[in-house]
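Before any questions on how it binds or moves, here is one chain, the form predicted on its own, in structure tokens.
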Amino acid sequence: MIFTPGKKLVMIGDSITDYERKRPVGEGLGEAIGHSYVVLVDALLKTTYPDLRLRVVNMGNSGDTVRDLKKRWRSDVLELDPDWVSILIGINDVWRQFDSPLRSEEHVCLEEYEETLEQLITFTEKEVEGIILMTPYYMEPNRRDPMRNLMDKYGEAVKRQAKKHGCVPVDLQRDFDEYLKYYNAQSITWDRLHPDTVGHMIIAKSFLRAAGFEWR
């Protein structure tokens, strides 16, 4: 397990992370942490590793691209003084190029995406024990599909930055592809992006596997 006792983990991203978390900081009792993979990670860590007393904070914000993360990085990450940071971003960076093709000002090209992601890493890596980078994904098994093909390129950018900076990589696309060998994407999502609880558990399992989680 990469986490040691008494640490704080801030998990930041877009709507996939957000899922109705409390504002301004997604931490506390009841539904404060939201309904995404974050609450599943928190519950599994607390019940399996209660001795860790790990604080998990949800700082997802629906609709965000990597540009938006950069704007709020100081207030929503650095000022929270985390020990670990988890980033899941890129879905909207790709999606806006397909659902809003004429609004080019909202499009985040691959080069800008990777450059901005690297800036966030360099802002943070000396302030924390570690950074966990999760790839964006699209629940479409046909890799020649235009949106899936582009999403894969953004996922490769995440992997490059993880390798370059010694971050912990989490390949969500790989694990969704494994699920899609047995089920249709419509069984867990209405748009191949926003998952139900099963989909969020896939993300949580991927994250925890990369963190060295073991049932005890």
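None of these values were measured; they are calculated from a predicted model. A residue's number is simply how far along the shown sequence it sits, counting from 1.
As for the form predicted together with a further copy of the same chain, it is not shown, yet the points below apply to it.
If we take heavy atoms and a 4.5 Å cut-off, which stretch out of 110-118, 81-89, 139-147, 67-75 is in contact with a further copy of the same chain in the predicted complex? Only one stretch qualifies here: 139-147.
May I ask you to state whether Asp42 is within 4.5 Å of a further copy of the same chain in the predicted complex, using heavy atom distances? Asp42: contacts a further copy of the same chain in the predicted complex.
Is Ser100 near a further copy of the same chain? Define near as a heavy atom within 4.5 Å, in the predicted complex. Close contact exists here: in the predicted complex, Ser100 approaches a further copy of the same chain to within 4.5 Å, heavy atoms only.
Mark Val168 yes when one of its heavy atoms lies within 4.5 Å of a heavy atom of a further copy of the same chain in the predicted complex, and no otherwise. Val168 lies outside the contact set for a further copy of the same chain.
Can Asp152 be called a contact residue for a further copy of the same chain in the predicted complex at 4.5 Å between heavy atoms? Because no heavy atom of Asp152 falls inside 4.5 Å of a further copy of the same chain in the predicted complex, the answer is no.
Pull the contact list for 201-216: residues with a heavy atom within 4.5 Å of a further copy of the same chain in the predicted complex, in sequence order. If the 4.5 Å heavy-atom criterion is applied to a further copy of the same chain in the predicted complex, 201-216 yields Met201, Ile202, Lys205, Leu208, Arg209, Phe213, Trp215, Arg216.
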